[in-house]
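What follows is one chain in structure tokens, specifically the form predicted alone.
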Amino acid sequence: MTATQYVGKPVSRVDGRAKVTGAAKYAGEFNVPRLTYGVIVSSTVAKGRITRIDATAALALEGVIEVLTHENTPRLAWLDRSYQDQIAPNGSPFRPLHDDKVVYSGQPVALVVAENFELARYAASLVRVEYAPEPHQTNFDDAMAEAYEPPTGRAGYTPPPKPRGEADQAFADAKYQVSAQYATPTEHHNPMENYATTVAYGEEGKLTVYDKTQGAQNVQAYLASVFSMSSDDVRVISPFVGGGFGSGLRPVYNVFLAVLAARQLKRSVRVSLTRQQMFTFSHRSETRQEVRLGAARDGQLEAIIHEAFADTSTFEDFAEGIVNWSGLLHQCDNVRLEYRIAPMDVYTPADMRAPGATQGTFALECAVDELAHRLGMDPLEFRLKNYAERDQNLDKPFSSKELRECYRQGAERFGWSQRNLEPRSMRRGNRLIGWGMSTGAWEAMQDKAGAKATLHVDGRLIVGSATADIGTGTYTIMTQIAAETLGIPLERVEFQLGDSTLPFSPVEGGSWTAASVGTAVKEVCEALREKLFKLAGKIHDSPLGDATLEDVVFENGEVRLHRDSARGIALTEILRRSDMATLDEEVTAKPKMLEQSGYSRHSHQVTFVEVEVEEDIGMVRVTRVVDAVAGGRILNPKTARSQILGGVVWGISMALHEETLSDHAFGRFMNHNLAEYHIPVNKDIPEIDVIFVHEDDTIVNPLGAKGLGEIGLVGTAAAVANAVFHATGKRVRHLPVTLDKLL
């Protein structure tokens, strides 16, 4: 056992100093010898064929080295599966510079490589590309006519469960009904750090690839497969990521083009995307959803029908769990859920923070609010009336669920009991006041992950796994877990990540990193602890005598008898007297599937929101938020709170600001910059009160932790929309809620 307690403490980020001093290097900042610069030329049509590329003017400039196009790209891997990464959907992955075919606007059609960035960018403007355009489809409402059920097989996608009961008949017979259509727009991730790759070309063609990614090993495997390279010949490094939100789960085309150029030129190459190009490789799916709810006079839910359409590309079948949540969140015996995807001439959508759940929960929780209003019931009372004690989708009990306590604590903190049921009944001066709420859930997942640990004779502990830190605090919580498990001072522990040569880790996404990698770190330090104890027992005149591992405690860099703290030995002394400079261990931690399979594992939350609406002009401002979360064991309250804050801010943004607009005449996104793609600023965000409800869960993983990256976002947009209805009496079912929809 250990007596050193770090887990559960609000430890500041161990990587904080590196970030604020500039010591932290990002993908586009690594300096390597003989570096050249690549700038991408993007297509100006959404569909068609390239008939001519004229790079003469660009190549005539001194310092321009090459212009790569489909015409001079070497033959690469042929099969689709060679281009499929760890989480690729079904279909044919996009292949940059593969042929003359254009399948979406903004597609890379050429790469100009020059001795410096400014020259490369100017030369790229001189490349002339001619097209034979073809009719394109970027209007989602029209594309829905070609929608189909997505094939199964994509990692992370669970099809809707089969219908239970007789939902359509139960809806028809219900005393109170709601039938409404909801819509969410296309959105883009827009992390602060643009995507970039720096490829260092080494001896015998070996590559070190500094890439912005949420999975270094995913990118490495992709590159090795596409370019037919040995995995030993390509190393991917990504120590810091300036935000990803799902946009970096799959390899982005800049890494392909940088490696292509480096291999062609036998030079180091850097390729960075512009902010406009950040809109050309992933987005959150646009949706159209219909929700029908039926209830008895006493508020008992009798029917849930949720049908959703979302977009995908013409070359891959991207799918996400949009409707499944409607069969999980509330007790109902008659449920029918359907989901279809519509192909469009756009790039394949990508997972975007709380993928599927945030769109589906918006529709469901707004419909629940509408039904409660129709019944004349308080929305909280309605949810408690229909509280789900088990997961009806899977017909399994929850491993833990403290949502009822979230309701209690959140409502008390917010003052929900003072809410007037009637819309437009609460005012503050000349402003309408609205109070809304929503419930959310997210899967508490664990995946296989590896970790290695090395204890040095000077007392330093180095622990590593190939995972990423996309701003969530992975460096910090893994350091805490390692320090506590081995009983070593926090400042003596270093956690390494973002390197494809480190032990296996899944991509960082889905809120599974703390559970997956954290379990591996705990297990590898436990294994190291056992080794140290055995070594201590072999030392001449060992102070531990005939003790067993259960008799000792690891604390402050020492191992001591629990019953007699005077009898102990420093870990460094164990290594020194064993003539060892280091002691190593490596493990692969796997979920306990047999134990976990009997349960539904989820985190839960409730969001309470207050808005002010200026009646004359329809301007909405969120003025208060209380978010109560049941997220298992909280490893670090400080970084955990930051995760919830980030999710709530994004939910407010989704409700009131974010929307990517398309010009369907050209098939391209119009507001592809941060001046016109609206996101909230400090003035838009109020004080956010986060409550972590205590939850013990011995099933989800050995740490008892549930992921927090998504859960803070899931219910926020619906809570805001419900608050706007309470303030104004106007129901906005198409996000974002903007002035024109209220006036």
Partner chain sequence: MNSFTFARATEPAAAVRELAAHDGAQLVAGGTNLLDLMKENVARPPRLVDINRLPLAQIEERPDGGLRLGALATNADTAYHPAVQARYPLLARTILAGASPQLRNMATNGGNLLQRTRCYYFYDVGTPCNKREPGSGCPAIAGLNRMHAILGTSEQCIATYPGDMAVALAALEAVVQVQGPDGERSIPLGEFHRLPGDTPQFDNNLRPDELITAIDLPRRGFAKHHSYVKVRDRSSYAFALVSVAAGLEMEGGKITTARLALGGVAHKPWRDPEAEALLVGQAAGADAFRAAADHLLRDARGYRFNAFKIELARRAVVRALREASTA
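Numbering follows the first chain given and starts at 1. Computed from a predicted model, the values in this text were never measured in an experiment.
The form predicted in complex with its partner chain is left out here; the points below concern that form.
Checklist entry - All three of 126, 657 and 743 touching its partner chain in the model of the complex at 4.5 Å, heavy atom to heavy atom? => result Spot residues vs its partner chain: full contact, yes.
Checklist entry - Pick from 580, 670, 296, 155: which residue has any heavy atom within 4.5 angstroms of its partner chain in the model of the complex? => result Contact residue from the list: 670.
Checklist entry - Quick one: of 556, 276, 565, 588, which gets a non-hydrogen atom within 4.5 angstroms of its partner chain in the model of the complex? => result The option sitting close enough to the partner is 276.
Next on the checklist: I'd like to check something about residue 666: if you look in the model of the complex, is any of its heavy atoms closer than or equal to 4.5 Å to a heavy atom of its partner chain?
Outcome noted: It does: once its partner chain is placed as it appears in the model of the complex, residue 666 has a heavy atom within 4.5 Å of it.
Next on the checklist: Test of understanding: in the model of the complex, would residue 684 fall inside 4.5 Å of its partner chain by heavy atoms?
Outcome noted: Close contact exists here: in the model of the complex, residue 684 approaches its partner chain to within 4.5 Å, heavy atoms only.
Next on the checklist: Even though the partner isn't displayed, in the model of the complex is residue 400 close enough to its partner chain, meaning a heavy atom within 4.5 Å?
Outcome noted: No, residue 400 is distant from the partner.
Item to check | Close approach of residue 70 to its partner chain in the model of the complex, 4.5 Å, heavy atom | outcome: Judged by the heavy-atom cut-off of 4.5 Å, residue 70 is well away from its partner chain in the model of the complex.
Next on the checklist: To test your reading of this chain, name the stretch in 388-396, 355-363, 617-625, 328-336 whose heavy atoms come within 4.5 Å of its partner chain in the model of the complex.
Outcome noted: Partner-contacting stretch among the options: 617-625.
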